[in-house]
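Just one chain is shown here, as structure tokens, and it is the form predicted on its own.
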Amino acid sequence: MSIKLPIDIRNVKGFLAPHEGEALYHLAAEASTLGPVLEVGSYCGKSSVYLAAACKLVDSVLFAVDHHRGSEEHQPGEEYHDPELYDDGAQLMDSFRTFRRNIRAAELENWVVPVVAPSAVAARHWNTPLGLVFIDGGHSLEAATTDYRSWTRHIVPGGYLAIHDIFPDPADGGQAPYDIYKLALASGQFELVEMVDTLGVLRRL
């Protein structure tokens, strides 16, 4: 790894590949000079550590938006269910405690603003311009489209949109992130900067 993180990222639950995380770190280091960074879908904080560590360089902040009840695939009986994140008392998924523990262990609490709410609710009265929006939330078409429509309008000109889990071939994975990626390009408001594995990086024109 070419960057130094404040925590052993291998110990943080999540689905972000190391080279995708490094790409996010470098992207956030540049974008956070334009405005705060916002991610949709923090889970246990793997991407948050990369993004917030970069924000720390210029004393910017990461808004980490997640209801912390898990996406469809995290629910009991589903492919990515993690029993360690299940709250038996509430009978619900709860990744927020693990998220907070990881951010605290990384000593990044002064650069992370957790927003514990559904994406659409958090965006309802949002007015802060953003340098980077990273979308890695629910993978249903409805959830991904909601994230795209809720947050991309707040990206400043020259700012960035990053989308995770882009699979052009349906045999490789779900299509919702790829669909909003195509939507962004078709809008005429974004241009492709690079693809890093399944991470698409676009710039706001």
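Don't overthink the numbering: it's just position in the shown sequence, from 1. Only a predicted model underlies this, so the values are computations on that prediction, with no experimental measurement involved.
Separately, the form predicted together with a small molecule exists; it is not shown, and the next lines address it.
Figure note: of the listed segments 133 to 141, 28 to 36, 53 to 61, 166 to 174, the one touching the small molecule in the predicted complex, with heavy atoms no more than 4.5 Å away, is 133 to 141. Within 4.5 Å of some heavy atom of the small molecule in the predicted complex lies at least one heavy atom of Ser119. Remark: Gly159 does not count among the residues lining the small molecule in the predicted complex, judged by a heavy atom distance of 4.5 Å or less.
In the predicted complex, the small molecule lies farther than 4.5 Å from every heavy atom of Arg100. Within this chain, Leu16 lines the site of the small molecule in the predicted complex, having a heavy atom no more than 4.5 Å away.
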